[in-house]
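One chain comes next, on its own, written out as structure tokens in the form predicted on its own.
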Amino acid sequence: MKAFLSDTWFILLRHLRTTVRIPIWIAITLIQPVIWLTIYGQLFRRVVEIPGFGSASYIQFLTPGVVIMTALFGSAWSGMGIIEDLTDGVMDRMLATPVHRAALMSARVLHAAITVAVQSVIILLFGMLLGARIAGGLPGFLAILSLGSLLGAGMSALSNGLALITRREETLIAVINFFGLPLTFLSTAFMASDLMPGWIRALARANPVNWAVVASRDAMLGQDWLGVAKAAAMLLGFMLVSVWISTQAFRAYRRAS
């Protein structure tokens, strides 16, 4: 266990240093959320006047959804780093060292979670500048960061597993594009649940993105903390299952190498 924790820490530092040296990556992933908050926040601001919407401010309603959407898409691209390491031979060189094998995957998952947390802080602050308010205070703020990080860690693990199975950038890009937006729009990120068709509400109940969105919105409003805790537990389960899948994919890669 000591070797696993130590190796995870040092590999995590490697990934963090790479991110710090190329901060444009985080900046680029923040452009779309800023567009959603500014343009869509204004374009659809009167949607709250629809009976049954349940919110007086669309920017207040939209901000948690944009935070979770960013966590989804930012972490879904995590597998591209795996493919780059496979192509450059970095992964094979790492496997030739005594580094703990599980640390190679856990460090990437932790890196994705930390990156999501940083992005979420920036988006929440920007949303507050536009008029959103976090009635839940510091606990609500931290809860949103935790929910986004759990979702990001789970999606990162799935992306890494897929990258190890396919080993092709084209395939990974196609899968991310195929599932990314549907997962977002099959949630309450942009529309109140009561105004959705019944079949979309049914699918949303099984959607981890929706778990995170609903719980983040409750945390932002400072209500239903039991529901927030339940959603966090479900996202933790989703993350653990995703990590198990990526671990099996890593073992299959090692056997095939």
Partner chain sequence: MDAAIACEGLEKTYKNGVKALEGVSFKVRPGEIFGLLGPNGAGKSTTVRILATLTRPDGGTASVAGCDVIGNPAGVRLRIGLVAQASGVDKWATGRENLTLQAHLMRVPAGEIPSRVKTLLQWVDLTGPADRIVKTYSGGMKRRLDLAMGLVNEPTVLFLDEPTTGLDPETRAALWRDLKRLRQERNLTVLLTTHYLEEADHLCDRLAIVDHGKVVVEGTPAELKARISGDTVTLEVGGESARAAALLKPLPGVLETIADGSRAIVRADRGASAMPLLITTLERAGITVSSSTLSRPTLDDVYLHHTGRRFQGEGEAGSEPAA
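Here the structure is a predicted model, which is why all the values come from computation and not from measurement. Positions refer to the first chain, counted from 1.
Only in words, not in the display: the form predicted in complex with its partner chain, which the text now covers.
- Looking at 177-185, 149-157, 128-136, 79-87, the stretch with residues near its partner chain in the predicted complex, meaning non-hydrogen atoms within 4.5 angstroms, turns out to be 79-87.
- A residue is said to contact a partner when one of its heavy atoms sits within 4.5 Å of a partner heavy atom; Arg168 fails this definition for its partner chain in the predicted complex, lying far away.
- The shortest heavy atom separation between Phe10 and its partner chain in the predicted complex is within 4.5 Å.
- In the predicted complex, at least one heavy atom of Ala256 sits within 4.5 Å of a heavy atom of its partner chain.
- A residue is said to contact a partner when one of its heavy atoms sits within 4.5 Å of a partner heavy atom; Leu142 fails this definition for its partner chain in the predicted complex, lying far away.
- With the partner omitted from this view, the residue of Ala102, Met94, Val121, Ile173 that lies near its partner chain in the predicted complex is Met94 [heavy atom within 4.5 Å].
- Looking at its partner chain in the predicted complex, residues Leu195, Arg201 and Gly237 place no heavy atom within 4.5 Å of it.
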